[in-house]
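For reference, the chain that follows is the form predicted alone, supplied as structure tokens.
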């Protein structure tokens, strides 16, 4: 059971994250300082660094929260599901819980604005892409374990995850620029883009 001290620490972290996202999306990442984030919550810089290694970690924290939830969702999928189906259903069924994770800190609209900041800030984009590679490896390991495969001997888990991750990046970029921020919209885009993988990879585009 969560203690009062743990709840207080979580509230402080959430407040710092909320303030950071609001400042990053309104003023820009480069123009925002750690001191300003701390001051917005009325805490010291030292308190900020108890929760985040730096402002880059705060900038990527919401994305990290959603990624962790997704990896756990894939691990929990029924064992009889083929790999791509498990990945697909984990993301489609998981949007509600991912949305709850985000909205516990900021509105989804603010999360999307933060995603745009990440995409347009070289230092954040580099860190995000580096982390994405690590997440793909984690997912490939989960898929290999589900299928009883040796990840280092069989390339299929990494190939499946690479394709899936590419589709999700395209989906998220489209969603982040769409005026419709609704959950139904991201579900529809995810389904549309994942359904298009087979025809896109194997189909004859000119003959279609």
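Rigid core: the largest C-alpha set superposing within 1.5 Å between the two forms. These numbers were taken from a predicted model, which means no experiment stands behind them. Residue numbers count along the first chain shown, from 1.
Keep in mind that the form predicted in complex with another copy of the chain is not shown, yet the notes after this line are about it.
The single contact residue among 149, 183, 65, 39, judged by any heavy atom lying within 4.5 Å of another copy of the chain in the model of the complex, is 149. Listed stretches are 69-77, 129-137, 89-97, 109-117; the contact stretch with another copy of the chain in the model of the complex is 129-137, by a heavy atom cutoff of 4.5 Å.
Using a 4.5 Å heavy atom cutoff, none of 15, 28 and 101 lies near another copy of the chain in the model of the complex. In the model of the complex, another copy of the chain sits within 4.5 Å of a heavy atom of residue 169.
Proximity of residue 160 to another copy of the chain in the model of the complex falls within the 4.5 Å heavy atom cutoff. Put simply, residue 33 is far from another copy of the chain in the model of the complex: not one heavy atom of it is within 4.5 Å. Using a 4.5 Å cutoff between non-hydrogen atoms, residue 201 counts as a contact of another copy of the chain in the model of the complex. The partner is not shown here, but in the model of the complex the stretch 62-88 reaches within 4.5 angstroms of another copy of the chain through a heavy atom at 82, 83, 84.
Residue displacement note: residue 91 has its CA displaced by under 2 Å between this form and the one not shown (rigid core superposed). After superposing the rigid core, the Cα of residue 118 is displaced by 2 Å or more between this form and the one not shown. Relative to the superposed core, residue 30 shifts its CA atom by 2 Å or more between this form and the one not shown.
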